[in-house]
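The form predicted alone is given below as one chain in structure tokens.
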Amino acid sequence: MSVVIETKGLSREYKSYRREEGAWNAVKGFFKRQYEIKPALKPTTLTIEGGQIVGLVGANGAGKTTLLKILSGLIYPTGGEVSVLGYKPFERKSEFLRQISILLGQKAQLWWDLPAADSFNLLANIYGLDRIQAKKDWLHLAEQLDCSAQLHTQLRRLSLGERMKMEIIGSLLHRPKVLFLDEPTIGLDVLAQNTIRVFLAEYVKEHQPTIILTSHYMDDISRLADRLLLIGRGEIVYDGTVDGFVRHAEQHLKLDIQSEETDFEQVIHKFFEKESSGRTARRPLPT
């Protein structure tokens, strides 16, 4: 398959103002500001081929969402090179934007006070889609996600699971070649999570998009992902399969796993514990 996403030394740093507590320090800050540089994403080199579901896993603040936002063009990188479908995402060319979609699990893209069907009509106009075909598509997607009965209900009156299903339909309406999913099942019940997992697996088989999926529900990753990218403190520390990560966890990450029967979630929890303890060890003690 052809390469869809490619990065070379891709990085992102944030510059933040640092001020000590107290009124006098606030006054001094007007004349002499102190800044600190935080590397949200360290130099990263990746190659992702088309038709894959790539699971991106890491603790809070590890750099997952930063990477997704750079790849989708929402933010600029501060170093390195990036190419998605042959485009530089941060240029935000219309030809590029028509071929990608990003879904942030904690942010709505549909109109809050409109029924989902009306939002889909608006999205069809925005993307210049054929109205008749677009309607057939969203009706078909709604049937697959078991939410046809809610298409004409205001988005704000739907449950969290129903809203997320509508958000997924909206993100797929223009049939993107690359789909970025950031926590699509966050806060959902077990039934809704499973419905979305089954739907995504079937959708990829039918349409062959490239999906980068982040989730704190390890079942999402273990059941869907063809490839696992494990990110810690802004850098990729593992790139391979889920099964390969479980088999070689102790060798690759020097994790202390006592049980003879390990699973993906157990190993990931151990990794998070190790990463958290590493952060604590480097944090300066208060004076």
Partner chain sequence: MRRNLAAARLAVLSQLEYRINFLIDAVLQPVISSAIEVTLWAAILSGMGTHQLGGYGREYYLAYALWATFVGRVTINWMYEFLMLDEIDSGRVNAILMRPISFYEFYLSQFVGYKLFTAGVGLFLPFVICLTMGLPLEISRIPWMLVSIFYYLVFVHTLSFTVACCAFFLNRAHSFTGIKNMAIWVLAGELIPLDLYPEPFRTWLIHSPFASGVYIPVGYVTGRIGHELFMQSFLSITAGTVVAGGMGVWLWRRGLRAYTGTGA
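Residue numbers count along the first chain shown, from 1. Treat the numbers as computed from the prediction; the structure is a model and nothing was measured.
Keep in mind the form predicted in complex with the partner chain is missing from the figure; the text below concerns it.
Looking at A201, L151, L114, I186, which has any heavy atom no more than 4.5 Å from the partner chain in the predicted bound form?
Residue within 4.5 Å of the partner: L114.
In the predicted bound form, which of the listed residues (S215, T195, T210, S72) lies with a heavy atom within 4.5 Å of the partner chain?
Exactly one listed residue reaches within 4.5 Å, namely S72.
Within 4.5 Å, heavy atoms only, one stretch in 202-210, 90-98, 136-144, 187-195 touches the partner chain in the predicted bound form. Which?
Careful reading of the contacts points to 90-98.
Within 4.5 Å of the partner chain in the predicted bound form: all of K107, L122 and R156, by heavy atom?
Result yes, every residue of the spot touches the partner chain.
According to a 4.5 angstroms non-hydrogen atom cut-off, is G170 in contact with the partner chain in the predicted bound form?
Heavy-atom contact with the partner chain at 4.5 Å: present for G170.
Although the partner isn't part of this model, could you tell me whether E81 comes within 4.5 Å of the partner chain in the predicted bound form, counting any heavy atom of the residue?
So E81 does not count as contacting the partner chain.
Please tell me whether any heavy atom belonging to Y14 falls inside 4.5 Å of a heavy atom of the partner chain, as the geometry stands in the predicted bound form.
Yes, contact at 4.5 Å.
Can L85 be called a contact residue for the partner chain in the predicted bound form at 4.5 Å between heavy atoms?
Result no; L85 lies far from the partner chain in the predicted bound form.
For the stretch 200-239, I need every residue with any heavy atom inside 4.5 Å of the partner chain in the predicted bound form, listed N to C.
Sequence-ordered list is empty.
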